[in-house]
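What follows is one chain in structure tokens, specifically the form predicted alone.
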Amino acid sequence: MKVLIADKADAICEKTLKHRGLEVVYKPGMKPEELKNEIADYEAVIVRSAARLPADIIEAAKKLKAVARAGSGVDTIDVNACTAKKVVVMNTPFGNTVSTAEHAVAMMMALARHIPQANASTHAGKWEKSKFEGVELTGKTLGVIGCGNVGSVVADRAMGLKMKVLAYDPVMNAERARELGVKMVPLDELFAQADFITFHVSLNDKTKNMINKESIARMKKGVRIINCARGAILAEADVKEALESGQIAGLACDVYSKEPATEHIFFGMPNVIATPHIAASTKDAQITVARQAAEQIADFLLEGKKTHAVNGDKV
């Protein structure tokens, strides 16, 4: 059986698949039409975030049995189209957890102390000490929206920084909140109290544009926002307006509604820190998710085993 690796992945991915006796073609960077033509001969495909699998490409995949996402988010894959064709879609939700959480914490600290801006200024030969007065994290309140795999690690690290952590997560129970040491609150209470807000939720109908004019108005004036989840969680035009007015003091953003984002309304704003969707991009995480995705595909094709199948109950 043949497996297509359609995105850049650590070499351990191809090595693992071949070790399990599968034929592998490594072909990242294909354009949609190229991928549509290529995918027809494969029983499985592995992707990251660059290669997209919309319905027309899934329809062209005549032999396809399984898709693995070397990462957690599956919004670049038409899961419904896969389910209709009895194609199992799996992800690796734990492989990049720590890397993503650490990036969110790093973004929060950079936001609090204007580190990128101060770095650029100093490299330019300026000495603008008073311009970059920041705030301490100690004693501040962090609102974590989505306290699952990544959010719970962010909460743990924040408590190590002596922050108070409020959590909003509709599926988290009180016992789990006690284990984590966070206080569960309604979303409006989190907005009203948080000095910093970080998002660790998937993109769906409930989370899309959840940060808009109405929700921003309920936030504490001068709130700082970190988004290392999905760009479309923010209604970006509304956030830009709030950044200009000072309602939002700063934004640290790793994700955007359209990627790659070579142009964006946030770019060039003095109170925005922007990175190019690199929260999970550590050597450690990429080795882990590449190996896990390969093992998942091999286990399914050779043994029928489903691991972290997002549509497993329907296929």
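All residue numbers refer to positions in the sequence shown, first residue = 1. All values reported here derive from a predicted model rather than from experimental measurement.
Although it is not shown, the form predicted together with D-malate (MLT) is what the next lines describe.
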Q) Which of these residues, 257, 275, 49, 271, gets a heavy atom within 4.5 Å of D-malate (MLT) in the predicted bound form? A) 49
**Q.** Contact assignment for D-malate (MLT) in the predicted bound form, among 72, 99, 227, 152, heavy atom within 4.5 Å
**A.** 72
**Q.** Interface stretch in the predicted bound form with D-malate (MLT) - options 277 to 285, 262 to 270, 34 to 42, 57 to 65, non-hydrogen atom within 4.5 Å
**A.** 277 to 285
